[in-house]
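One chain is shown next in structure tokens, namely the form predicted on its own.
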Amino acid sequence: MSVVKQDRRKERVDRGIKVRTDGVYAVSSWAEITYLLLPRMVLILGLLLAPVVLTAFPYWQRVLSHICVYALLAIGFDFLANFVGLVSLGGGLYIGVGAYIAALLNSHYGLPPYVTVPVATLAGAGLCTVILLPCLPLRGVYFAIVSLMFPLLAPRIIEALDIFGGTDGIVGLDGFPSGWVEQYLMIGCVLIAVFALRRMVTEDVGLVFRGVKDNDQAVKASGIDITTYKALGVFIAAVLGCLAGACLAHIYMWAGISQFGLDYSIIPIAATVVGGGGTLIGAVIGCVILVPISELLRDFGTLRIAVYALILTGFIVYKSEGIMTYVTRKYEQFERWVEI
């Protein structure tokens, strides 16, 4: 045994395969490939198998769709806050705009969901970006407060002017062809959003976004228009939110002022804190935890807010980094024996 210990030593698995940066690896065996792919496959397979596992529980299959709706919002919030430096509380605005545009296209023009969803996503994101454009010079709590005003203002305007169905909303929308189409569409959107944004933030445009977040004046001094990049960041987050809203309108087969609700602004923030800000995947994990808890506590009414407060307080005090950051650090500390 002493000879074996002299000829071999322990080394962290990631140190043996990382090359200069976190995103570049030099793999030499299937064990190393498995080490890199395992966390990603757990997420992908877990989401893809969830509808099948929940077949016997139709109610929780619908909750899975809601998890994906909140996950899209949380991914957008995480991206804006931790990569662009804009803390947006306007999740309800994105959901409401996307839902109403999809509802109007379907009810007034008879367009099917596979047309209304992409059109409402892009048109709604463009509209939300234009609405928030004058607010882009603001930062920190100022941008957060202003962005929260829009989802609070929109329902009052709809009520006062009695437009878009007023307080009754727009009813009789077409649903998705089946529950399976609905669930796998939502899951596919979440997976594409996570991995597309993770790839984007490591590219050159991602470096500019981080520069805008850390020191926007230095970026501006380099000849880069920071307003353009902030608007692009808002547009990306709005695309995710409006996509969620458009899908939600066809899931409920209805669009109304409740889709501007504060839940769509608060739960994504809580999910990002719980899952781990700046990881994108952490926002999804946070939604997987918080949305089912919210459903279990639905009978308790506003008491759910107290539960959110306790969960957030616990994570901020004891695990401020979030679940994903903690788990990633522990995973990267795995060791293996290597020849000396």
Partner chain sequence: MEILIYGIINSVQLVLMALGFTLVYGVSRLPNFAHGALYVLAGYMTWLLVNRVGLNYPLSMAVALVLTGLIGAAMYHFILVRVRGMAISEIIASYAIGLAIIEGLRWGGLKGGTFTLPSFVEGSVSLLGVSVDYQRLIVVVAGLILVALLWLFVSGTKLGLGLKGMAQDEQAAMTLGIDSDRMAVVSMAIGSVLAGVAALVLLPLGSIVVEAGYRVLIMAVAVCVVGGLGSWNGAILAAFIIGFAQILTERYLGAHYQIVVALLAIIITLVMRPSGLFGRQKELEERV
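Positions refer to the first chain, counted from 1. Quantities reported herein were computed from a predicted structural model and do not represent experimental measurements.
Omitted here: the form predicted in complex with the partner chain. The next part is about that form.
Using a 4.5 Å cut-off to the partner chain in the model of the complex, each of Gly140, Glu159 and Thr313 places a heavy atom inside that distance. Exactly one of the stretches 159 to 167, 177 to 185, 114 to 122, 94 to 102 approaches the partner chain in the model of the complex with heavy atoms within 4.5 Å, and it is 159 to 167.
Checking Leu191, Leu127, Ala231, Leu152 for any heavy atom within 4.5 Å of the partner chain in the model of the complex turns up a single hit: Leu152.
A single residue from the set Val63, Ile305, Leu48, Ile289 has any heavy atom within 4.5 angstroms of the partner chain in the model of the complex; that residue is Ile305. Contact annotation for Ile266: at least one heavy atom lies within 4.5 Å of the partner chain in the model of the complex.
Contact check for Ile145: a heavy atom falls within 4.5 Å of the partner chain in the model of the complex. Although the partner is absent here, Gly110 sits far enough away that none of its heavy atoms falls within 4.5 Å of the partner chain in the model of the complex. The shortest heavy atom separation between Met200 and the partner chain in the model of the complex exceeds 4.5 Å. Shown without its partner, the chain has no residue in segment 103 to 119 with a non-hydrogen atom within 4.5 angstroms of the partner chain in the model of the complex.
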